[in-house]
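In the form predicted alone, a lone chain appears below as C-alpha cells.
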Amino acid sequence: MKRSMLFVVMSIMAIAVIVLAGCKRRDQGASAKLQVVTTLFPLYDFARTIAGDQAEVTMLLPPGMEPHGFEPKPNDIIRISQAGLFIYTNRYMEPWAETILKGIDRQRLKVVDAGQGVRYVKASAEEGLEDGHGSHDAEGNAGGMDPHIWLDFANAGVMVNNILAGFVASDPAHAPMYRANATTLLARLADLDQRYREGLSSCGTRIFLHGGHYTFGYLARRYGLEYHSLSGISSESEPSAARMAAMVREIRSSGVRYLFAEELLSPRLTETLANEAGVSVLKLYGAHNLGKDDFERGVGFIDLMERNLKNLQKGLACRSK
C-alpha cells in the first residue's frame, strides 16, 4: 500500500510537471482577488470567513467525499500551483502535500500548514488491537499522530491564526480586514467551546461509543468523555468479527442507549452493532468534509459542531442548564 501510494503520487507529479512545462502559469496579477486553495472543509470554512469578499477560496476535496483516501489529480496540482495561497491540515491528514509541494515553484505560492503549533495527540492504538489496524503516521510507521486536530476547538483557534498569517503575508493590503474577520471567528469558536463545556458538564454517562473510525478523540479529551470507536484512525480499515463482538459487549455493559455514526461514512456496521446490542443510532459530523446539500446551502463548521452538541447531549443523556 505504501509503495502503491508513492507510485501514484510520483506519477501525478510527473504528469503535472509535463503539463505545467507547456503552459503559462496563471497571472495572479490579472485577478483583483487572492486565489486560495484549501484541502479539507474546516480549512475552507475558516479561510472563506477570514477572506470575506477579498479572496476566492476553493476546496480540493469534492463535497460529499470522504477524505482519508483522497489522492490529488493532475488538475488539482495545477490548481495549487496557480494559486497565491495553499492551505493544508497537516502531514498526517494529507501525507501527499509535502511531496507535491517539492515539485511546485514556491516563489509566488505561499503555503500554510494549518496544524503548525497545535497540540497533537497520538493516534489511539486501542481500537486497532483486535482487528490488526494499529495507529500509523503518514508513512505507515506505528505511533503516528491523530490528524483530526480541528475537533479540539483550542486547536481550531490555532489553525485560524495560522491561516490568518497566510492571508496577511499574501495580501498585506487587506490585512486589517482579514484580522477583523479572524477576530470575530475566534470569538465564535471560544463561545462554541464554552457551550460544549456547559452542555456536556452534567450527563447521565460520559461513555462515548462510536461505530466508526477513530475520529472524535480530540473532542472527547477536551470535554472529559471516555471515547471508544469500532476501528482505528483509517476509515478504510475493516474490523474483525472479534472486534465487532467486543464492541457489542462494550455497548451492553456500559448501559448506553445510543451508538454514534459518522456522516459521509456507510452506517452499515454501526447499524449492525446497534441492532445486535439493542440501542439506537445518532449521527455526528467529523467535519473533514460535508454533504453536497449542506455545501450548497453554505453550512459552516460551527453549524456542524452545533448539530454535534445537540446529538451528544441526547446520546449521553445530558441535563440542560
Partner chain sequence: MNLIEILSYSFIQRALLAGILIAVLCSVLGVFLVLRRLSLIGDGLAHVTFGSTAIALAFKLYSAASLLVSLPVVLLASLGILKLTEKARLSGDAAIGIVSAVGISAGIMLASVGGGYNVDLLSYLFGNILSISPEEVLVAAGLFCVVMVLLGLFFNDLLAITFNEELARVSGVRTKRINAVLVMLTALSVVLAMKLVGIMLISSLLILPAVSALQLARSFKTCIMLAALQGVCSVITGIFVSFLTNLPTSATIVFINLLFFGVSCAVRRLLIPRSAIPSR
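Residue numbers count along the first chain shown, from 1. In this text the structure is predicted, and so the values were computed from the model without any measurement.
Only in words, not in the display: the form predicted in complex with its partner chain, which the text now covers.
Sole residue of R119, R197, R249, K122 within 4.5 Å of its partner chain in the predicted complex, by heavy atom: Residue within 4.5 Å of the partner: R249.
L151, M177 and A180 each touching its partner chain in the predicted complex (heavy atom, 4.5 Å): No, none of L151, M177 and A180 comes within 4.5 Å of its partner chain in the predicted complex.
Partner proximity in the predicted complex: G52 to its partner chain, non-hydrogen atom cutoff 4.5 Å: Flag for G52 set to no.
is_contact(H210, its partner chain) in the predicted complex, heavy atom dist at most 4.5 Å: Contact check for H210: no, nothing within 4.5 Å of its partner chain in the predicted complex.
I77: touches its partner chain in the predicted complex, heavy atom cutoff 4.5 angstroms: So I77 does not count as contacting its partner chain.
4.5 angstroms heavy atom contact with its partner chain in the predicted complex for P239: So P239 counts as contacting its partner chain.
Partner-proximal stretch of 81-89, 187-195, 241-249, 153-161 relative to its partner chain in the predicted complex, 4.5 angstroms, heavy atom: Looking at the other structure, the answer is 241-249.
Any residue of 265-283 that, in the predicted complex, places a heavy atom within 4.5 Å of its partner chain: In sequence order, L265, S266, P267, R268, L269, T272, E276, K283 come within 4.5 Å of the partner.
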